[in-house]
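Consider the single chain below, provided in structure tokens and representing the form predicted alone.
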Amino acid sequence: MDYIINTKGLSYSYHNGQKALFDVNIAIKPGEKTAVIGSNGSGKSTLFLCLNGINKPQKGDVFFKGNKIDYSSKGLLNLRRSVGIVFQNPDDMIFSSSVRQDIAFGLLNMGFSNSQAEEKIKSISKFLNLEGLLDKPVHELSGGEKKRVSLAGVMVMEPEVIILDEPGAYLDTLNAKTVYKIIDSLSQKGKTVIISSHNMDFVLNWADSVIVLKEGKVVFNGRTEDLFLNNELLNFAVLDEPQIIKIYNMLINKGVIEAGAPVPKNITELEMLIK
């Protein structure tokens, strides 16, 4: 099978000797919606930085479309055109004086003319509802606006793979829902999307597959519903059970729905099961 991005025996340690990843083997299909989950310190962010070429593993390999990552300047530039990453904290990504300049930064560095960059900026700003903010100083943006600007800076490059580290972090409920809708629309456009999240209800509803990390090791890699029906593994990895799964199990125990019924991913699917 052809994978768009995969790792073999990936291990990584920080300069102070702290080991972060141990023999990580993952494989993600083109167009797949993948959630990487685990408690804080499990290695999620470190793995993402390896997939984008920011971190170079001490052992093992990362592959993009079957080819090992080339860590030369040219190789990394080509990789980052194809594999974009949105960091958890938007302040780590936004550094220009205005929204327009920040979104244009990557395009201009890639050799786009000002007119070509402006055309792309207009398109992505319309998609992310940033049209009225393009000339606004970045220090005046709200948290939700900063998150969308950081997304725009990656999406405007049109990468094939988009990695989002805790996309709902630092956001209130309304802004988080907006970002989750954007993520869903990326998947509908055929992008390969990889996220980390502590929101298990979102993971259940959105993800095709889940990778669970614990202390830098992969302890699960498979279908989302298979993970959330495994209470022993959830407890081992210190993960919350989604509310939908709690209700689903309760209704089975009460005989409202049959054991072995399809696992609902959201309230609509649960209501259909009850009917």
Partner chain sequence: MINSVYITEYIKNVNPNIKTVFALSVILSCVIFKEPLGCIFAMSVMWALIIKNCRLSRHLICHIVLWPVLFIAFSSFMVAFDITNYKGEIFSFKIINSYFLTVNAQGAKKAIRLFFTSAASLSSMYFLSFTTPVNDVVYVLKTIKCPKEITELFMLIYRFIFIVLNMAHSIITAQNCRMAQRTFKTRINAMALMLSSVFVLSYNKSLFMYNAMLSRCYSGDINFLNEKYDNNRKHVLFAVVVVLVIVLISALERVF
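Remember, it's a predicted structure, so these values are computed and weren't measured experimentally. Positions refer to the first chain, counted from 1.
Not pictured, yet referred to below: the form predicted in complex with its partner chain.
Exactly one of the stretches 176-184, 197-205, 103-111, 123-131 approaches its partner chain in the predicted bound form with heavy atoms within 4.5 Å, and it is 103-111. Using a 4.5 angstroms heavy atom cutoff to its partner chain in the predicted bound form, none of Glu241, Ala261 and Ile274 count as contacting. Its partner chain is not shown here, but in the predicted bound form it comes within 4.5 Å of a heavy atom of His139. Put simply, Ile54 is close to its partner chain in the predicted bound form: some heavy atom of it is within 4.5 Å.
Using a 4.5 angstroms threshold between heavy atoms, Asp172 stays clear of its partner chain in the predicted bound form.
Not displayed here, its partner chain is kept clear of Glu158 by more than 4.5 Å at the level of heavy atoms in the predicted bound form. Residues are counted as partner-facing when one of their heavy atoms sits within 4.5 Å of its partner chain in the predicted bound form; in 85-110 these are Ile85, Phe87, Asn89, Asp91, Asp92, Met93, Ile94, Phe95, Ser96, Ser97, Ser98, Arg100, Gln101, Asp102, Ile103, Ala104, Phe105, Gly106, Leu108, Asn109, Met110, in sequence order.
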